[in-house]
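Quick setup: one chain, the form predicted alone, written in structure tokens, and binding and motion questions come after.
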């Protein structure tokens, strides 16, 4: 498997800057996710890696070899498309074997390779079935098999789960992760779905407006976002606007827009306007101030409730223009209702200061 070095890649579509001086190092056997909203440049970057687009600037190395100007068929890559791109009139065997036949391998070798890859994706015994008879999840795994059977050094996946329903998405992403780890293949996974990225990737690249904002493990991206955009884009979040004033005796006091004050960890002694990120799961909800378990305790009124079975989200208005979202997992002894007065508390260490 190959290490991939993306160095200063820039790509324009006419006057539109799609990818802006992007550099990423991908280790051998790593599954890295390109995550961001539509139009952020992630798919363009993937197509530059695959050779279907030529960059205006920069270079790409795979296994130490410069492949920047190499055509797609000469690169050590396989690209799995979001729309599967299967041939509906061909059987499962014929779809998977298509690339091997183009390479003019002996039929005996082709049959052996197809049989082996069907075992890897856990769909053995369906070689003669029409792909039109398969479920969406099975079709996606056949598309994956067609890429893997070519034994690429780098596997590129362009939003491969976007056409599946919620349950199939989870099942298929689990298959992809298991297969990728069992083969140890270097992989790049493009998605706009944060849950997919968090669950499947070794590291995540957050992109916006063609730029890389942050690279890190799922734990780092979720727990220590370095920008307001990343904090808001990954997971459910509370981003409280406010400031830290120099004339306050304690630099760990954060003043909300409403004038209320909360404790934070301001290790850099930063002063000025900022945001504080608090994840809903780190906030405790209570019906009396005496039950606030942490140093920060704010009164509010429930204005919206979302019940999702295993978790219930309560949105609490703490002022006219400020709301805080908290979550209660499992069955709760206390049932709160819209309009009810509640108290929210959290640790100062769970309030992350974001200076951007």
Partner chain sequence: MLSKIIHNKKKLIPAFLLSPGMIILTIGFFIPLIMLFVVSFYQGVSGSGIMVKEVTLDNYINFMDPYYAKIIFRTFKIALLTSILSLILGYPVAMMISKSSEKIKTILLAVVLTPLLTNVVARTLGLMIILGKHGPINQLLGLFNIAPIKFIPGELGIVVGLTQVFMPYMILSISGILGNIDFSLEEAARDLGCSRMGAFWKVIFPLSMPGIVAGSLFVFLLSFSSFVTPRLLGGGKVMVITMLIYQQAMQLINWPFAAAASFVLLFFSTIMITLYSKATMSKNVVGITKNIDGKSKTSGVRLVKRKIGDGLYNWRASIARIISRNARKIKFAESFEGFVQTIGKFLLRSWKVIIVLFIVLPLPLVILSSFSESSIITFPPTGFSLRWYAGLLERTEYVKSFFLSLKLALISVVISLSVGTLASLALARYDFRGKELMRSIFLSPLSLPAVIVGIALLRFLAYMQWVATFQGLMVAHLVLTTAYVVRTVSASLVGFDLSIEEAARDLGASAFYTLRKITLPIIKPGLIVAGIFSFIVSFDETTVSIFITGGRTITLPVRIFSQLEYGLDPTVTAVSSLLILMSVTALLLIGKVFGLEKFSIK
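Numbering follows the first chain given and starts at 1. Superpose the two forms; the largest set of C-alphas matching within 1.5 Å is the rigid core. Remember, it's a predicted structure, so these values are computed and weren't measured experimentally.
Another form exists, predicted together with its partner chain; not displayed. Remarks below refer to it.
Participant: Could you spot which one of 123, 79, 213, 276 gets a heavy atom to within 4.5 Å of its partner chain in the model of the complex?
Facilitator: After the contact test, the surviving option is 79.
Participant: Which residue, 251, 242, 280, 99, is the contact with its partner chain in the model of the complex, using a 4.5 Å heavy atom cutoff?
Facilitator: Contact residue from the list: 99.
Participant: Heavy atoms within 4.5 Å of its partner chain in the model of the complex: which of the stretches 86-94, 243-251, 214-222, 167-175 has them?
Facilitator: This holds for exactly one stretch, 86-94.
Participant: In the model of the complex, does each residue in the set 47, 111 and 133 place a non-hydrogen atom within 4.5 angstroms of its partner chain?
Facilitator: Yes, all three are in contact.
Participant: Does at least one non-hydrogen atom of residue 107 fall within 4.5 angstroms of its partner chain in the model of the complex?
Facilitator: Yes, residue 107 sits close enough to its partner chain in the model of the complex that at least one of its heavy atoms falls within 4.5 Å.
Participant: If we define contact as a non-hydrogen atom of the residue within 4.5 angstroms of the partner, is residue 71 a contact of its partner chain in the model of the complex?
Facilitator: Because a heavy atom of residue 71 falls inside 4.5 Å of its partner chain in the model of the complex, the answer is yes.
Participant: Can residue 236 be called a contact residue for its partner chain in the model of the complex at 4.5 Å between heavy atoms?
Facilitator: Answer no; every heavy atom of residue 236 is more than 4.5 Å from its partner chain in the model of the complex.
Participant: Hey, in the model of the complex, does residue 146 get a heavy atom within 4.5 angstroms of its partner chain?
Facilitator: Output for residue 146 is yes: heavy atoms within 4.5 Å of its partner chain.
Participant: If we fit on the core, is the Cα of residue 163 displaced 2 Å or more between the shown form and the other one?
Facilitator: Comparing forms between the shown form and the other one, the residue 163 CA shifts below 2 Å.
Participant: When the two forms are laid on each other by their rigid core, does residue 199 show a Cα shift of 2 Å or more between the shown form and the other one?
Facilitator: No, its C-alpha moves less than 2 Å.
Participant: Please check if residue 129 moves between the shown form and the other one, taking a CA shift of 2 Å or more relative to the superposed core as movement.
Facilitator: It does shift by 2 Å or more.
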